[in-house]
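Listed next as structure tokens is one chain, alone, in the form predicted alone.
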């Protein structure tokens, strides 16, 4: 019988709280493929709720606020003392709408701090000795907002576009260490955040948004499947890519 694809591997997942649709699905998919996980988020009780849903044993909790960007590198170094990581998935994200007429400097800091600066510091941590094994993967959960303009989402789109660009440069810097860096770009995915978005948009705009997805809206599991692939040996020759997982949204 073939062993699970990610058996014996250790991954850190940020945004791993139980109420994060995509983060939860990623954790469940990786654990289901045999991985041992370190779950990172701000609320220990929500991380524990995620752990209770996972297959396998030995999953760890790592409560941490990623806005403390100066502490990210020492935090990962401390976590890696138990065993180096085979990969990191940065699923934590600051989301929302930010019309230009109400955008503030504080909002810029919120979007860029979590969506971009924290991601860069995670990449920096993986460049340090004994944090990541050769062949490790770093996967950022981005958005199709990084690829195309969206009304009312200037700050969110800019933070994800910055990360998409950084993915390519980070891939080149980390390649000599055998570490791959990729960016997954979902469009609208069914779940709590989508329901909140639809409630704000209203029925007419919601139907128009749904129609922009030729294959229909995605599921969190669709994003998780792409992440599992990019972390696996099947993707050993893939780095520096932006992978739309969007039901055709960005093709329109």
Ligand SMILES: NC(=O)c1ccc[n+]([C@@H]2O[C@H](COP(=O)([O-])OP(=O)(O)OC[C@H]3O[C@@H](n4cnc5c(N)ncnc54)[C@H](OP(=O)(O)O)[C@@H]3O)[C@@H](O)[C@H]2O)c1
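None of these values were measured; they are calculated from a predicted model. Numbering follows the first chain given and starts at 1.
Keep in mind that the form predicted in complex with the ligand is not shown, yet the notes after this line are about it.
Figure note: of the listed segments 173 to 181, 121 to 129, 87 to 95, 73 to 81, the one touching the ligand in the predicted bound form, with heavy atoms no more than 4.5 Å away, is 87 to 95. Within this chain, residue 156 lines the site of the ligand in the predicted bound form, having a heavy atom no more than 4.5 Å away. Among heavy atoms of residue 60, none comes within 4.5 Å of the ligand in the predicted bound form.
Taking the partner from the other structure, the ligand in the predicted bound form has no heavy atom within 4.5 Å of any heavy atom of residue 31. By the criterion of a heavy atom within 4.5 Å, residue 239 is excluded from the residues contacting the ligand in the predicted bound form. For a residue to qualify, one of its non-hydrogen atoms must sit within 4.5 Å of the ligand in the predicted bound form; none of 222, 226 and 244 qualifies. Of the residues in 98 to 132, only 114 comes within 4.5 Å of the ligand in the predicted bound form through at least one heavy atom.
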